[in-house]
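Form predicted on its own, single chain, as structure tokens, below.
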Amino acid sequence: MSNVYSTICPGCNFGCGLYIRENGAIDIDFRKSSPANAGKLCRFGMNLPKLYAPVKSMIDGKEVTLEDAAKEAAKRISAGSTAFLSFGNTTCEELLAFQKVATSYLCTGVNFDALPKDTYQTLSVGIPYSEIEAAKHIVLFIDPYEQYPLIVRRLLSAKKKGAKITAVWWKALPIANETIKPADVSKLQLSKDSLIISDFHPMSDADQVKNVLALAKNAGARVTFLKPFANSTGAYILSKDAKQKSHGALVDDINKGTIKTLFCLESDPSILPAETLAKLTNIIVQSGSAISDKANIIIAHEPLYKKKGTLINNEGRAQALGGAGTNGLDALGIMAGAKFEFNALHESVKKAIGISTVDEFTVPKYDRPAYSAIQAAPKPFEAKTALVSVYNPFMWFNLADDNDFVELNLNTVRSLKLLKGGTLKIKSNGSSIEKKFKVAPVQDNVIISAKKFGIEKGMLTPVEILR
């Protein structure tokens, strides 16, 4: 007998609906009724069985019950100097409970502190996808093929209706009518008919985000920010009044020794540098998928598709998951010393987004307040050669992917006298790696990676390259 769940893909905040069938193994089926993706899935969605590999509760390598793991986690957390990290890859209800546990040091990853408060709603909730299809001029500050593949269908629809697409990117994108180098963004021609598509995530550079907001403001253009985790929008809405830390602040505090224990809720700790993780006394991961081999304690419960709860996609649609599990809430209750009631949390979620019922076919009305003019200017990148990291679902989840190569242009290949089928040496931050390469329409002095190598420091890393 098989179990079938109508659920949402956790790969990004696009909100793609799908069916997961458990029948000895996990099978993925299309859900054509989903308003976000109408049945289509990207290759990450089709690879979900890899993400949902079984996971067991452990304490220092020994298998235990969920309850024992949660109790031991509570004990180590109570020693103090603990940071609580969640990128928003779980239900709204669980995130509200998590905030009650994480009063001392909440980290949602993104750097809201560096950005004006009147831009928070614009960053948190994107515009409906139907408006993207109706746009006359679309400006991409992302690589849609790698980062948010299902947006490509909306872009193609817009183009078919006559839209012009401009890419401000490190290589020529097939979907774009023109490509402008990021360093030449001042050449960008914007008007009130323009729609800017960028993204907002834990590795986003605050100055770059400000620059995109300023471009939109100055031209009277619309702007929408895509996001990388299933419930990023829900996490940002629910934590907007909470004191929270960014990814960068967390790294600094661990490196300084002020944080000794890290508790991760459905978030892979390997997004932090390996040398930073090595300074922690305890890494505690609560998850329904096998996302980390670095944890001292693993609190294992049902995967996302079996959970009872609500996700909010990038458009602001409230989406119900198809499961009935609340083990994640129960584990957080053990750590808090008080049981969390799902129904009470669910009512709080609906109140926070101003809805009476969860209906994925309706986009609630969100206020997008006008924000003040932002003073921002693009900073020139001074390194001779840069490694550009294109963050995508496989990178965020630390999953194996076949994109284990870097992209560079033919000029670079010739100048280094690289051999076809050979490798490229990349040196940075005291480390060196060898990688296969692929020739692509990339700008000079840039190499692009869609896979995490471990030598990167953010999205742009100065590197030395040689044969």
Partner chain sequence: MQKGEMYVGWSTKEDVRKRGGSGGLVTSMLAAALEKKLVDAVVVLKKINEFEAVPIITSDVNEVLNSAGSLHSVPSNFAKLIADRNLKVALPAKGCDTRAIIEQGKRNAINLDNTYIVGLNCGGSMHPVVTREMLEVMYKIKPEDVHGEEIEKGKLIFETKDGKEHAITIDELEEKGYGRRESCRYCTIKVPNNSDIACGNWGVTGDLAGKATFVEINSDKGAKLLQNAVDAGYVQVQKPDEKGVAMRAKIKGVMEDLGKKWKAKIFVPMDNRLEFFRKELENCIDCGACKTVCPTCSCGEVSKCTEFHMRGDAYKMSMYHLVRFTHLADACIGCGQCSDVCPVDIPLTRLYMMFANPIQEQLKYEPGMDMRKPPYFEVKLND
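Here the structure is a predicted model, which means the values were calculated and not measured. Residue numbers count along the first chain shown, from 1.
Beyond what is shown, the protein has a form predicted together with its partner chain; the following relates to that form.
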### Query
So in the predicted complex, does residue 366 come within 4.5 Å of its partner chain, heavy atom to heavy atom?
no
### Message
Even though the partner isn't displayed, in the predicted complex is residue 174 close enough to its partner chain, meaning a heavy atom within 4.5 Å?
### Response
yes
### Query
Should residue 268 be counted as a contact of its partner chain in the predicted complex, where contact means heavy atoms within 4.5 Å?
no
### Task
Flag residue 156 as yes or no: does it have a non-hydrogen atom within 4.5 angstroms of any non-hydrogen atom of its partner chain in the predicted complex?
yes
### Task
Within 4.5 Å of its partner chain in the predicted complex, counting heavy atoms only, one of 145 to 153, 276 to 284, 220 to 228, 121 to 129 shows up; tell me which.
145 to 153
### Query
Exactly one of 439, 26, 53, 416 has a non-hydrogen atom within 4.5 Å of its partner chain in the predicted complex; which residue is it?
439
### Task
Go through 433, 38, 410, 58 and name the one with a heavy atom inside 4.5 Å of its partner chain in the predicted complex.
38
### Query
Taking its partner chain in the predicted complex, which residues of 34 to 50 have any heavy atom within 4.5 Å of it?
34, 38, 40, 41, 42, 43, 46
